[in-house]
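Shown here is one chain on its own, the form predicted alone, set out as structure tokens.
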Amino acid sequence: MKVKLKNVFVIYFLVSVIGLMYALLQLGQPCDCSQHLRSASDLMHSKDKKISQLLSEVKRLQARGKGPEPEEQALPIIYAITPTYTRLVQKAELVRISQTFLHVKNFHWIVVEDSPVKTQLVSELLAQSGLRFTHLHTETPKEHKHKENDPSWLKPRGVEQRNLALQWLRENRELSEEGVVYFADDDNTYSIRLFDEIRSTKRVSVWPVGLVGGLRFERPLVENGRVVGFYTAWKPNRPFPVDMAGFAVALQLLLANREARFDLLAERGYLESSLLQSLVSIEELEPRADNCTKVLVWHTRTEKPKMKQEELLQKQGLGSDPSIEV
């Protein structure tokens, strides 16, 4: 019995020593933890992004809670309606004009996406913009949508989106409220002076637009403080030969004329007229910008980016990281 117990003890001792030596050797070996590190890094990045979004939302709510200064409250609100759609330059366009709008007092931005849903890109951009905003969406019917290589003038863009914004105003604002509605497309460039000019609009105000209609500018012609015609080269006999960026409408006028809207089937160049004809006559137009002699808005349009190199790299599986938002 003593021999057997001694043998068991020796075996137990040897196994323990071998186990201890193995454990000590493993302490110096490299550990393949890259997958765990990547997962942790992704988690931290996701949390940082969420925290950033929450902080932006808190700042926006704080700004909303403060409300406008007393002198701002006396100013009629400017409602800028911006239709937008997904494309490579969309974020750049929206960031550019939003940072102009930040300088406008008592301002409310109504952004309407041509989309079946609100996209994450636009939702986050608006939340971080620091502006008072309303975010809407509606999709243009397929038969009225532009195809990939269609010229921009072939079909009017943003018709249903502008009409949805008008509907929102009629459902959420009262006839007693003062305000001005401006159709601010995302591909224009705006001087902040323009918004000071249009804030006092009583019915429909008008002004020049630069770089439009194949001309350096188009503008209403004014005599003795009244609009008597229009300087334009393309279809000058239109009822209202003005660009979308060249007029603003009093909120009360739109609320009082609930059927006034843009016609999706309007002939090319007649979209603006389809709304204005139901609201005002040419004699009632209110000239702004020093009797329509100053250009304060430009129809600039961002050039469509060329993506040949990107497409070549994508075919090789080497395209840019799709998780980085542009």
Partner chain sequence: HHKKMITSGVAPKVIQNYVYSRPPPWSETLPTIFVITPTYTRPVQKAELTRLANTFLHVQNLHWVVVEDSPRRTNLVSNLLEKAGLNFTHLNVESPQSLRVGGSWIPSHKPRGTLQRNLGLHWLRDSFNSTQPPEGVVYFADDDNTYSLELFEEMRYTRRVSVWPVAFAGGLRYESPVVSPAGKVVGWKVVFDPNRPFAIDMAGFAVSIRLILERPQATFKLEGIKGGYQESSLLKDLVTMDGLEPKAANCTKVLVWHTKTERPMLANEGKHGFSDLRMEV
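Worth saying up front: this structure is predicted, and the values here are computed from it rather than measured. Residue numbers count along the first chain shown, from 1.
The protein also exists as the form predicted together with its partner chain; that form is not presented, and the subsequent description refers to it.
Handout entry: Within 4.5 Å of its partner chain in the predicted bound form, all of 129, 294 and 325 (non-hydrogen atom)
Key = Yes, the whole candidate spot contacts its partner chain.
Considering its partner chain in the predicted bound form, which of 136, 122, 255, 89 comes within 4.5 Å of it through any heavy atom? Partner contact (heavy atom, 4.5 Å) among the options: 89.
Which residue among 175, 192, 228, 74 has a heavy atom within 4.5 angstroms of its partner chain in the predicted bound form?
Looking at 175, 192, 228, 74 one by one, just 192 meets the 4.5 Å heavy-atom criterion.
- Message: Under a 4.5 Å heavy atom criterion, is residue 205 part of the interface with its partner chain in the predicted bound form?
- Response: Contact check for residue 205: no, nothing within 4.5 Å of its partner chain in the predicted bound form.
| Closest heavy atom of residue 213 to its partner chain in the predicted bound form, within 4.5 Å or not? | Residue 213 belongs to the contact set for its partner chain.
Q. According to a 4.5 angstroms non-hydrogen atom cut-off, is residue 162 in contact with its partner chain in the predicted bound form?
A. Residue-level check for residue 162: no, no contact with its partner chain.
- Does its partner chain get within 4.5 angstroms of any non-hydrogen atom of residue 300 in the predicted bound form? Output for residue 300 is yes: heavy atoms within 4.5 Å of its partner chain.
**Request:** Mind telling me which stretch in 175 to 183, 246 to 254, 78 to 86, 205 to 213 gets its heavy atoms within 4.5 Å of its partner chain in the predicted bound form?
**Result:** Of the options given, it is 205 to 213.
| in the predicted bound form, residues of 305 to 325 near its partner chain [heavy atom within 4.5 Å] | The stretch touches the partner through 305, 306, 307, 308, 309, 310, 313, 320, 321, 322, 324, 325.
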